[in-house]
Ligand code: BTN
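Take a look at this single chain, the form predicted alone, given in structure tokens.
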Amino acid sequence: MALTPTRQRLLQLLADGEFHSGVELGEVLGTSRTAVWKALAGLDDLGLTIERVPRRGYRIPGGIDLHDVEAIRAALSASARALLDDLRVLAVVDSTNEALKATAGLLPGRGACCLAEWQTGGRGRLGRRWISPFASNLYLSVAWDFDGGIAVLEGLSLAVGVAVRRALLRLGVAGVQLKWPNDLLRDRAKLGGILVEVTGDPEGRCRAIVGIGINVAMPAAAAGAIGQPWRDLSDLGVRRDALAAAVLDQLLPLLREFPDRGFGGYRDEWEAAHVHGGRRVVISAGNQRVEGIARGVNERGALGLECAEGLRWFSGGEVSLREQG
């Protein structure tokens, strides 16, 4: 579903959560009350609750936290802003990762960022669906070009986890832990995830597209589709633009430095936040299940598992991990 300019403007007017009469909305939009009513009807498809009260008008209870590109850009540090070639917000998109795959060549040492209000086909690892209700959570992707092929990017998704955790700590979010290979937890429940996709030459110039999803204010209607314990940031009042800027402040310098530092430069920090360190876990890969004790990660980001056969190493790939019991 595409959002027409009229509907986008209507959302901006209703974002404050206050009542607005049909006459008032029509005057601002330069259209009739009937056209306003039709535009409002179209907003129901976004999963938003439009309250209609005679003689008072229309409102979205509680309002909505829409992104503002200029507010995000202004909140960035000067050093991060200098590393950003393009910053855009899309109202509706299949996924922010997919949107960046068509981006033209980037300037050396600079990235492109895409955020979305709503993802109709948001994805996590292993092709799983990423629940992406409208204007509720953070859906952010950054594209960055690297020389040296895929080998340069080993452990990148884990390093990104460190960067995002730093951003959350900066905003006062305590209790954030990292689950191998790409999850962010809060109080041992899923807060967010990372999906890194690589395009281009496997041995030469390639592009990493780093997708980050963080639960900010998950609506109850959407939460029912989440098949695991989860947390969001609604109890802390974190705004999505502030979160986006904090993430970019940490992520962009990391992408610039990663070819020189590698994951080894972030490994100790990742280990300190490892939720399963020293715990008994089960790793599944296809029909194979391996039980053992998680013993940490190496400089390539592979997880060491102490099992009956001794210490085995697993890369992120097509495997999943859960705590035993």
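Just so it is clear, the structure is predicted and the values come from calculations on it, not from any experiment. Residue numbers run from 1 along the displayed sequence.
As for the form predicted together with this ligand, it is not shown, yet the points below apply to it.
For a residue to qualify, one of its non-hydrogen atoms must sit within 4.5 Å of this ligand in the predicted bound form; none of R267, H276 and L305 qualifies. Taking the partner from the other structure, this ligand in the predicted bound form has a heavy atom within 4.5 Å of a heavy atom of I212. This ligand in the predicted bound form is approached by W130, whose closest heavy atom lies within 4.5 angstroms of it. Although the partner is absent from this view, E154 stays clear of this ligand in the predicted bound form, with no non-hydrogen atom inside 4.5 angstroms.
In the predicted bound form, this ligand sits within 4.5 Å of a heavy atom belonging to D183.
Stretch 115-123 is the contacting one of 115-123, 101-109, 166-174, 75-83, since its residues have non-hydrogen atoms within 4.5 Å of this ligand in the predicted bound form. Of the listed positions (V216, V162, L195, L252), a single one reaches within 4.5 angstroms of this ligand by any non-hydrogen atom in the predicted bound form, namely L195. Contacts of stretch 82-120 with this ligand in the predicted bound form, defined by any heavy atom lying within 4.5 Å, are made by S95, T96, N97, Q119, listed in sequence order.
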